[in-house]
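What follows is one chain in structure tokens, specifically the form predicted alone.
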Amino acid sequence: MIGGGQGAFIGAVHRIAARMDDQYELVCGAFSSDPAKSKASGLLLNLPDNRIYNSWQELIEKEKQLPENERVQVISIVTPNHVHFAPAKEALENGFHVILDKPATFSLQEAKDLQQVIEQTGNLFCLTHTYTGYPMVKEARQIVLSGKLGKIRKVYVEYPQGWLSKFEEGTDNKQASWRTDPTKSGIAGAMGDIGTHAFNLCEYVSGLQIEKLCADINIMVQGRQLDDDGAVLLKFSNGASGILVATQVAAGEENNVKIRVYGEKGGLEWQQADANTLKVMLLDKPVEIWRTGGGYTSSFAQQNTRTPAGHPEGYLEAFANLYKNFAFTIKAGLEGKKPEKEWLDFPGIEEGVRGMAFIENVIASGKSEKKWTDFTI
């Protein structure tokens, strides 16, 4: 692991996700840009002194010198956005597979450069867009792809948070400090942090790609440098329209990301607050409530379900599904086998490039007087 030391939030989530299905063992790390903090973090994780590194550069250099049966196989990068591209590039070029926290990079150009590195090296890459890991999100996608809803006409996706309703970056809140700092986060705040999740979710479930957008981007908290609120009108590749809302100043809200998709024959709805439930609404039937663990769900949902019906599975399990499917894909390659299609259902660099394109297009649209902006990559 690179990053994720003491005081970090997402590093611990990654470690739990990696361990959940017994497919990974944490063997080394560079957990902070501060060598002392990296050492202290590694010791807390019970790593030997010689596998706790002072920098990500040292980690990659020393690990590649170890015998093949000892060196690390996968490097998980959980640093702030401005420290995504360089370690990911070096890791891939030195023979390691990479799991990277979203968004993929600091800029769209870095994401496109990283895509070239992945293609050139042939090493595998996973981007942790968590919400596509939920069983009923995967079920929603399969329902749409099956044609059950007919041609898709409308997509609504929203991600409301309230944790930045005050000027938290003015306190000792580390997460607020870097996420609202353009030198670390990039050109977007809320739209980069959670808007990319909403964007990825709507393209994943609908099976469509956004072709045009019209954005209203706001800074609601005085003194903040990056957007903390926004809404985007969307036009999809098949002519469907949509609305995306991402805000971090919805006081009192937590993380109830929600999506609704409507076609000619019906619609569906999923929300994280009731993640085991998928509402399916068809014109010629009563509303149906589909549940995680039901024997009627697709192989994609079943592949990502661990417990019998009625036992809640949530954010950590969804995160773990990405790690698990990535592990199964790597192991299939090591054994000279073709991965199952369900294993390959994890976000990769294409989603990473499109996510960075979303950030740059949505910020440009928010600054433009034009009603519609073409979605360009």
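A residue's number is simply how far along the shown sequence it sits, counting from 1. Remember, it's a predicted structure, so these values are computed and weren't measured experimentally.
From this point on, the text means the form predicted in complex with a further copy of the same chain, which you will not see here.
Q. For the spot marked by 122, 144 and 184, is every residue within 4.5 Å of a further copy of the same chain in the model of the complex through some heavy atom?
A. Heavy-atom distance to a further copy of the same chain in the model of the complex: none of the three under 4.5 Å.
Q. Does a further copy of the same chain get within 4.5 angstroms of any non-hydrogen atom of residue 79 in the model of the complex?
A. It does not: once a further copy of the same chain is placed as it appears in the model of the complex, residue 79 has no heavy atom within 4.5 Å of it.
Q. Wondering, does residue 284 line up within 4.5 Å of a further copy of the same chain in the model of the complex on heavy atoms?
A. It does: once a further copy of the same chain is placed as it appears in the model of the complex, residue 284 has a heavy atom within 4.5 Å of it.
Q.
Just checking whether residue 247 would be counted as a contact of a further copy of the same chain in the model of the complex - the rule being heavy atoms within 4.5 angstroms.
A. Because a heavy atom of residue 247 falls inside 4.5 Å of a further copy of the same chain in the model of the complex, the answer is yes.
(Q) Would you classify residue 258 as touching a further copy of the same chain in the model of the complex, given a 4.5 Å non-hydrogen atom cut-off? (A) Residue-level check for residue 258: yes, a contact with a further copy of the same chain.
Q: Spot the stretch among 290-298, 71-79, 88-96, 107-115 with residues whose non-hydrogen atoms come within 4.5 Å of a further copy of the same chain in the model of the complex.
A: After filtering at 4.5 Å, what remains is 290-298.
Q) Looking at 207, 150, 162, 170, which has any heavy atom no more than 4.5 Å from a further copy of the same chain in the model of the complex? A) Looking at the other structure, the residue within range turns out to be 162.
Q. Of 66, 27, 45, 332, which residue is found within 4.5 angstroms of a further copy of the same chain in the model of the complex when only non-hydrogen atoms are counted?
A. Only one option qualifies, and that one is 45.
Q.
Using a 4.5 Å heavy atom cutoff, which residues in 137-174 contact a further copy of the same chain in the model of the complex? It's fine if the answer is none.
A. Contacts from 137-174: 153, 154, 156, 158, 162, 165, 166.
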